[in-house]
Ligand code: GLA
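We begin with a single chain expressed as C-alpha cells, specifically the form predicted alone.
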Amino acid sequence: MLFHPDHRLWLLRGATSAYAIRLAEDDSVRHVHWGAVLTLDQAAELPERVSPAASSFEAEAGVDELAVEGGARFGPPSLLVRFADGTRGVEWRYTGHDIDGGHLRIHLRDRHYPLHVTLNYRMHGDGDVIERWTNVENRGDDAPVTVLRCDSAAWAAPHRPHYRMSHLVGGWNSEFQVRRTDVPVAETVLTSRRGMTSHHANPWLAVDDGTACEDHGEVWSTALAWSGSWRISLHRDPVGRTTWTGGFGHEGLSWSLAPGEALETPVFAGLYTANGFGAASRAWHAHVRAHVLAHPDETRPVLYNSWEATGFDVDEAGQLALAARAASLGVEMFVMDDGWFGGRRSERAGLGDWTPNPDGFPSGLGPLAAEVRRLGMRFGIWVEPEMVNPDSDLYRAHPDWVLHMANRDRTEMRHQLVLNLARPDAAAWTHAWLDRLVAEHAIDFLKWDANRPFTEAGWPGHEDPDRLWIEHTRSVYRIMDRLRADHPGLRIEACSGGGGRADLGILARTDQIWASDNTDPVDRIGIQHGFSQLYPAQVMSAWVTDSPNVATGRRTPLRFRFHVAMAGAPGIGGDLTTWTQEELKESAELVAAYKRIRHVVQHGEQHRLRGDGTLAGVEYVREDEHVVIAWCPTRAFGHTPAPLRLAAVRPDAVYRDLDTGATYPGALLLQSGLPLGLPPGDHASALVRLRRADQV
C-alpha cells in the first residue's frame, strides 16, 4: 500500500497486478487503474478520464469508487441515502486515511449531514485479490438516515473497444451454467431477491474484452461474499465506461440508521489477470484456501449419505445396514439425512422438532452413532435449522417466529415456512438445539440445508423490518461461527436444495458445498465446470448415486459416475442394499483409487481441459504429481476422440504413467495430447496419474 500525497493517490500492488485510486477535486474517490503492475510514479502520471462526448447531457468521465447520487452522475449508484429533511445524495469531504499492513481505510463524510463513510481495501500480499467493503455511520444526535442502497464496492474496467461478461445462471438441478455474452450499452442487473444466494444466479462476475479464453487474455473477475439477497449492477455507457457495483439487498428495500448506528457491508472482492479464465480461477482457488476456509489443509473424507436410499423412511435398523455396507467400501463419514426427527415421515410435517423419532430410534441416536464409529467412520447428520413445517410443535408454539406480514397469507413452499432468525429469541433457540445435538452425540459433520426462499418477508412490530434481509443471514453466520468455536472438530456442508447457497461468505464458516441435487454425471460435468470458475475442488461435494439416475432417468456406468465425482470431494449416495457384489467390489476399488489421488485433486492447482467433440477433463497439479480425469459423455459412431492436450506439464520433462509405466515427453503432452485409452461407446472416462520420470 503506497500513498502519493502530492497527487492524493493510493497504489495497491499485488503479486502480478496493481490497483490505483485518487481523490478528485471534489473529494470523491476516483478509479485510476486496475491491471498490470505499476510504480507509484507511473500511476501518478496516468491521465484523468475524459469523456469523448462534448455534451451537457453526458456525465463526468471520472469513475467513482463508490458511486453516489449527486452532481452529474447518472449511472447506477452504490450508495443511496435520504436524510430526515428529505435531502438525497452525498457531497464528499475527505477526512483522512490510514494504512495498517495490507488494509487501507479512506475516511469520508458528507459536507453537511453527519453521515460518515469508510472505504476499505485489503490485499494479503500473496496474490492479486483485493477485498473491498464499506462502513456507513450516522454520527448525528437526533435524526435517522434512511439507506436505500449500500453496496460494498464499485469496479471499473479500463477502456476497451469491446466488452464481454461471464456469469453463472441456472435453477434447481441445473446450477452454475456459465454464460458469456457481450456487455450491452445498458444497465444489466444480476440479482437474487430470494433471501438466499440462489440457484438462479451466483454473485460472481467477470469482464473481458471478448478475446480471453482459458489460458490467455485479460480478465477482471469479482465475487461478493454474501449468502442472502444480493445485487450486482453492470453499466456500459455510450461514452466508453464499463463499471459494476454490488452488495447485499435488492431494489425496494431500505434500512434506517439511527443516531450513532453503523452498517458494515460484506466483502466484494476482485482480481485481475492477463492469463485468461483458468488463471483467474486458480487465483480465486488459492485465495479461498489461504484467506476464506477455516481448515484448508484438511483432506475432505469420502462420505456416504442415506437420502437417496431411504427418503423419509429412516430408522435405526435401516441406517445400520447402510453403514455396514458403506464401511466395507472404504467410506470415512456416514451421514444420516432427512427423516430422523420428530414426526418427520414426509415433507409435510415435523420440521422444527429436532429430537429423534421415538419409533425409528427408540434408544435415541446413541446406538447408531456408536456403531458408525465402531465401523471406523465419523458420524454426520442432516439439519435444516432455518425452516419449519406448520404441522410441527415448534410452529404451534411460536407461529410469530416465521417471516410473515400482517393481512397477508403465509406462502408455503415444500410445505415449509422460514424462521426469522433475525429475531434474537428464534436465533437463541436455534443455536441451543444445534449445540445440544452436536454435544450429546459428538457430531462430526452437519449437512446444513435450506430448502426454500423467502416470501412475505416481514417482521411485524419491528421499527426497521427490512433489516431481516441482512440480519437473518448474519444470524446464520453467527450460529455457525459459535458452533464451530465451541466444537472445534465439527465440519459443516452448506446446502440449499443443492447449490442455492454457494458464495465466499458461507465458505468462511463451512468446509464444503453441495453443488447440486442433480447427481446425473453427464449434467454434473457442466455444473462442476461452472462451480470451478470460483470455488476450488476440495469444497465441491459430489455424489455417486444409483443408475438410472433419480433426476434424469439416465443410465451410466459406475466407473463414469465415480470419475465425475472424483473431480471434487466425492461421496456415495445410492441405495447400497440394492447394489450387486460386482458393483460393491468395483466401488471399493474406485474409492481406493480416489484416496490415492485426492491430495492432488483437493490441494493442487486445477486446469480445465477441452478436447475434441464432447471430450472434457481436468488436470490437477501438485508439485511433480499430475492427475488427469477425462470424460466423453457421447460420441458419433466410429469416432475416437483425439488425445487430450494437457496444460501444466513442463515441455522439457518426461512423465510416467504411475499405473501403466508408459512415459511421455512433456512437449508432446502439451502439443499432441495424452492418449486416454477410452473404452468404446458413450459415457467413457479415464483417470491417469502422472509424475515426472526423474521424480518417480
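When you see a residue number, it is the position in the sequence shown, counting from 1. As the structure is a computational prediction, the values presented were derived from the model and not from experiment.
As for the form predicted together with the named molecule, it is not shown, yet the points below apply to it.
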Can any non-hydrogen atom of Glu471 be found within 4.5 angstroms of the named molecule in the predicted complex?
no
Ser475: touches the named molecule in the predicted complex, heavy atom cutoff 4.5 angstroms:
no
Test of understanding: in the predicted complex, would Asn451 fall inside 4.5 Å of the named molecule by heavy atoms?
yes
Answer for Trp514 alone: is it within 4.5 Å of the named molecule in the predicted complex, judged on heavy atom distances?
yes
Among 99-107, 178-186, 333-341, 258-266, the region lying within 4.5 Å of the named molecule in the predicted complex by heavy atom distance:
333-341
Out of Ile572, Leu417, Cys495, Val207, which one falls within 4.5 Å of the named molecule in the predicted complex, going by heavy atoms?
Cys495
Scan Tyr113, Phe74, Phe312, Trp429 and let me know which has any heavy atom within 4.5 Å of the named molecule in the predicted complex.
Phe312
Every residue of Trp307, Lys447 and Trp543 near the named molecule in the predicted complex, heavy atom within 4.5 Å:
yes
Of the residues spanning 77-111, the ones with some heavy atom within 4.5 Å of the named molecule in the predicted complex are none
